[in-house]
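In structure tokens, the next block holds one chain alone, the form predicted on its own.
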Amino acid sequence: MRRTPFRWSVSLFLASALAAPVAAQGPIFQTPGTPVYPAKPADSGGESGQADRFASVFNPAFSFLVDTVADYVDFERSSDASGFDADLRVLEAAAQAWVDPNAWAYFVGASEDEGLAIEEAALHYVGFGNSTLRAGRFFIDFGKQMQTHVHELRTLARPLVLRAYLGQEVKGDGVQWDHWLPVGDEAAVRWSLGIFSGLVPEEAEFASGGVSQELAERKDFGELNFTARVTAFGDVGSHGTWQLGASARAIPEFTAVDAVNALRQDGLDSTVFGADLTYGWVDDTGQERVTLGVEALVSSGDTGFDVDDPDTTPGTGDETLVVLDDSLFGAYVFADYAWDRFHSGGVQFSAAEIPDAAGSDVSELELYFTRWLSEFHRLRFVVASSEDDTRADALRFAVQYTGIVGAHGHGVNW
């Protein structure tokens, strides 16, 4: 069978993605992928989805999502209590619409404590041809998973190495420029550059107790935070697709603060580099059956902190803030198989050197099975184990339920 040259297949895919009606559920963890937007407003006598002050044609797509987890955890070598728990992990509300034929805007609000926090709120301007300008608040473009919301992962949790070096979620207020171009007939390349006011992790899972990272409110250009990514993908035979990428996140200037002991250290910096490789195989019907991936990260600069307290009593004045500046390495690898569009399963393993004075090594293994009851709700069954040199090992059994109402999707993941 004669195949469509890659250059034209990418162009046709983009055109169809921009013109076709949006599905109620956007693509989940598209690997490899291309930009996906809701349908552009149709030409209806000069009217679009946007309204002036005398019209009522504006009709954005709304959605909300509930993500819950019930689990049993058995801790070893720890005083932490083992047992059952249930948690409303995410309650999310979102809206998206075309502002005009070349600009698409969206926002995502998620439950946080007793209120609602704005996770993302951004405008995508797509009127530059192969380039997109994004402005507002959005997740960083790093690797294959950091721009993905946690409920859209193929696993229950983000890989351990990403949580350790970048945080559970990293979003920033700023701008990002994306550009993609074909390379020959069988490959395409995309690159992005982002500039943000701050990218300090909101939740650093392995951070030293009591020590936080702070940024100056006003900064010189060189003190802003930056992201960059370049990725290429192409065909492998008649059924396979490969993707290779490299990413970076840089915080050139931050301050470590220990509020308990009134300690601080200025002039610190942190940089994380990553490289990822993904392979996907589809059958004759277009169903993606097998996905394999690996991503390796290096965290350098001022990677961790410790408090030296000779008398072991906080606040007595003999404490010293110790900054750890060792380079750290970690990686994760996963394999996923889909029997059909409703059933899939897989395994993910992640390991990392942890930024603490003891030089700990941690690892995590997750086995999962996912059952889509429909495109609107999903069940996932998980068995996960973790090993830690200095902390508690743990075995976890979890059931995740995710329910979706409305047109839901978060766009680019490539």
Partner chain sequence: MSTYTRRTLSTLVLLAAPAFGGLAGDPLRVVTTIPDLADLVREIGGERVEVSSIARGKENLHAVSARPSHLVAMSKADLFVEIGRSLEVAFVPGLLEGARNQRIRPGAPGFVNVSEGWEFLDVPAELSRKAGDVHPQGNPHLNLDPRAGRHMAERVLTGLVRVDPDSKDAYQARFEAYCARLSEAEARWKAQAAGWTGRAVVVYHQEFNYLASASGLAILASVEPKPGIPPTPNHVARVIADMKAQGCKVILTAPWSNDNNLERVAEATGATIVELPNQCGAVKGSETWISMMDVIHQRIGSALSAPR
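Just so it is clear, the model here is predicted, and its values are computed rather than measured. Positions refer to the first chain, counted from 1.
Beyond the structure shown, there is the form predicted together with its partner chain, which is absent from this document and is the topic of what follows.
Student: Can you pick out, from Thr303, Ser192, Ser344, Thr132, the residue that has a heavy atom within 4.5 Å of its partner chain in the predicted bound form?
Tutor: Exactly one residue meets the criterion: Thr132.
Student: Let me know the one among Phe75, Tyr106, Phe226, Trp180 whose heavy atoms come within 4.5 Å of its partner chain in the predicted bound form, would you?
Tutor: For this set of options, the contacting one is Trp180.
Student: When the contact criterion is heavy atoms within 4.5 Å, does Glu112 count as touching its partner chain in the predicted bound form?
Tutor: No.
Student: Please tell me whether any heavy atom belonging to Lys219 falls inside 4.5 Å of a heavy atom of its partner chain, as the geometry stands in the predicted bound form.
Tutor: No, Lys219 stays farther than 4.5 Å from its partner chain in the predicted bound form.
Student: Is Glu375 near its partner chain? Define near as a heavy atom within 4.5 Å, in the predicted bound form.
Tutor: Glu375: yes, in contact with its partner chain in the predicted bound form.
Student: Is Asp235 one of the residues lying within 4.5 Å of its partner chain in the predicted bound form, judged by heavy atom distances?
Tutor: The answer is yes: Asp235 has a heavy atom within 4.5 Å of its partner chain.
Student: Any idea which of 306-314, 282-290, 247-255, 162-170 reaches within 4.5 Å of its partner chain in the predicted bound form, heavy atoms considered?
Tutor: Single hit among the candidates: 282-290.
Student: For the heavy atom contacts within 4.5 Å of its partner chain in the predicted bound form, list the residues of 240-270 involved, in sequence order.
Tutor: Residues within 4.5 Å: Gly240, Thr241.
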